[in-house]
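Included below are structure tokens for two forms of one protein chain, each presented in isolation as structure 1 and structure 2.
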Structure 1
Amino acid sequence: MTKITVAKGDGIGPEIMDATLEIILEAGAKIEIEEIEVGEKVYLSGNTSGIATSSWDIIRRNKIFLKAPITTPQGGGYKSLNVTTRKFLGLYSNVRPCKSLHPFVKTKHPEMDIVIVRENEEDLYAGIEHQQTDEVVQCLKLISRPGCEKIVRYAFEYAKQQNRKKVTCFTKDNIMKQTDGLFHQVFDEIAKEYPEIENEHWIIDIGAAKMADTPEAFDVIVMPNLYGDILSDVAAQITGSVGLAGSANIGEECSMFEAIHGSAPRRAGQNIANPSGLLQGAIMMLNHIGQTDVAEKVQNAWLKTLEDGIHTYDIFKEGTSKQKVGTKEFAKAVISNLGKKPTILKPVSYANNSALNLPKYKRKPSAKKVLVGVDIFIHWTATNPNELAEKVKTILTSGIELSMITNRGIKVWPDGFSETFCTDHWRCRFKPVEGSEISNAKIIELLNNALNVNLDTIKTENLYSFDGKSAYSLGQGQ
């Protein structure tokens, strides 16, 4: 018996949660339910997070959270509970199955059956942004080895449990060689531990085009946060069944399962909402906790119900559908099909009856880290990089030389092109002359010298080698 936390949410939430719980309990789910209140009522009581401290305690104690959609009131500084939950509980993996239900739900891709596994905590979504000059703002893209290892291992373990044959990695490491390069490197390392599962890597742009055109070429796709956010929505849309999709958010300690759609308050209380999205989230929950026999039974019954043409209003189509039903009636139809399998849609068969094997991240031994240079970013309103170079040379300290100036990553000194458009944001790279070393003290001396000649330094980035390997990007054109 697994104790889970349930939140019935707002709008259509209570109706679809009641239907979902009725179905999985009838199927034999071994769960004990502890209900909490989250969402609109909590927000309007004056709690801007939408959840009480006591509810957090229950979620953290039970570890498994099945959540219906909630309504976040507009204005008033209310925070998204979904984002808060993912961040606070360390839910590093967002899992989005996207499967065609042709011919019962219209799609151009009748054979599509992919799962998007998206890193959920870092990348550009760390949200670290700064305006640095009048013309330039930055957003830091943070990719960590623990983040990469956890999400890639989850993708392979999920594929193993679900009896899937291939895991594909999408990155843009031909351009972002350090950040996306690390993600690709970790993918290759972990793939070797799963020789029974095929693996491949695609550059994100051509991979996305291929997915949109020929999604049947893919099985499980794992990628960093931004790409996964975009492509999971693209994948859900091209299946034709956004309203039927569930989502899992997985952490080392806790996990949250939900539908991807909203609370639809205008449809509330009318017994017309489709519970399928939340039911799909519940099926993912059952798989996650090792009750894959129940998950398989529910999924096949749901597919059989769709195949029988018993549809709620949102997918009802004359000529294809046979009976338009409400929320409660749809749940009863799924329950009546428990133990049955579809004949047109492909039935599911899960590989085993065990929970996913997700070991905690183990920190690697520290590499030998050596300071080999520094990039100093400067706000300079003139447009001639040669003038800037002459100015910067006046701040040099003993044993340090100016090796390069870039503007928006493009090398503009030495030997830059006059055609290159420059903003007011410049990166000046300093390296030790041959036979010398650089130190933090010398970097501070450079900054003091810049202050003395009125050079507006924005920030510094130290350049390192790790175990003798350069760990920073070259300028474009170097």
Structure 2
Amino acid sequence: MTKITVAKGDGIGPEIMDATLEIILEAGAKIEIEEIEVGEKVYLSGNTSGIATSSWDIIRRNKIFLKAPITTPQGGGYKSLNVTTRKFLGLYSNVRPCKSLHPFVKTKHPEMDIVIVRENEEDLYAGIEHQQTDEVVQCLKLISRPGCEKIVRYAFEYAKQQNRKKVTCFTKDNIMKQTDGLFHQVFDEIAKEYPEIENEHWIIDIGAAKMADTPEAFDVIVMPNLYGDILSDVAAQITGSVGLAGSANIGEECSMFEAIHGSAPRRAGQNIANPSGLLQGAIMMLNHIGQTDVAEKVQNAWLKTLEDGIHTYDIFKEGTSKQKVGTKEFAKAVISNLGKKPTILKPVSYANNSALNLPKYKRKPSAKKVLVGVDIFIHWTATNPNELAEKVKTILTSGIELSMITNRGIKVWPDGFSETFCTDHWRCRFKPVEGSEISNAKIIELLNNALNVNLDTIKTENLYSFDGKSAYSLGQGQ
């Protein structure tokens, strides 16, 4: 018997959770349920995190969490509970299988069978955002080596366990050479440890186009958080409905299982929602807790039900479907098929499908880190970069020179183009002159001098080399 935490969520959440639990319990799931309240009611009672402290205690104690979708109220500083849960509990891996159910569910892609492995904790979802000038706001994209290693290793181990042939990596490292560049580099390093699995890298834009057009070209695809968020919805939708896909959020200690879709408030309370996405999440949960026989039984009954043409409204099509049913009736149909297998769709076998046991991340020895310059960002409302350069030159300290000014990343001094549009947000790059060095003390001197001439410095970024390799991007056009 495994104790699990259950949250019924908002909108269609309670209906699809009741259907899911009924099916898996009928199938013989050995689970004890502890229910907690999360979401809209908790938010609107004045708790901006959407969950009570006592509920965290329950989630952490039980370690396995089956969660229905919740509604995050718009505006008003409410924090997404999904993002918080994933990060608080270290659920670094988000696994989203998307397989077409042709010819029973209408899709343009009859042979599609892909699994998106989405990094789940970092990237732009670090949520570190600031307004710095009247005209410019920023969001920090954080990518870490442990984050990359953990998710890429998870993707390869998953492929190995599931007997899949290829792992593809999607990034945009032709533009983001440091962040996406690290993800790609770690992918290449780890791929070498799995010579039996094919590996490849695609630039995300053309990769996404290819996935939407020819998904059968892919098998497992691993990618940073934001790309994975967007492309897993695309992948689920092109199998037939976003209501069909489930998601496993896996950490070293805890894990959370859910549907990939939201709470669909317009469909709530009408007994029409498709419970399949959450059911798929629950099946992944049963595999994870070692109840693979029950998982297999439920999945085969579900496939048989779809094959019988018993469909909820979202996948119902005259001609291919036989009977349009509501949430409860769909659950009853799956229950009546327990023990049966599909005849045309391939039945599943989950004999070796339990939780993956990955090695813990080991920190690497530190590299030799040398300060080689500094970028000082300035809020300045005039538009001529040459004027700014003259002013900035007055704050220089001995052995330091102004090497470049950029605006939104493009070089505007020296030798900028008059056509380049400039905002009020300027980056001034300072480097030591030949034969000199820069230090934190010199950076403070620069800032102090800037204060004395009324330059509004909004932030600094130190430029480093690691083991002799420069570790920052050049200005565009530099």
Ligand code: NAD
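Heads up, when I say rigid core I mean the largest set of C-alphas that superpose within 1.5 Å between the two forms. Note that the coordinates shown come from a computational prediction; the quantities given were computed from them, not determined experimentally. Residue positions are counted from 1 along structure 1's sequence.
Taken from the form predicted alone, structure 1 is distinct in origin from structure 2. Relative to the superposed rigid core, the position of the CA of S418 differs between structure 1 and structure 2 by less than 2 Å. I33 shows a C-alpha shift of 2 Å or greater between structure 1 and structure 2 [criterion: core-superposed Cα displacement of 2 Å].
In the core-superposed comparison between structure 1 and structure 2, L278 has its Cα shifted by at least 2 Å. Fit the two forms on the rigid core and the C-alpha of H311 turns out 4.3 Å off between structure 1 and structure 2.
When the core is overlaid, the C-alpha of I64 ends up 3.2 Å from its other position between structure 1 and structure 2.
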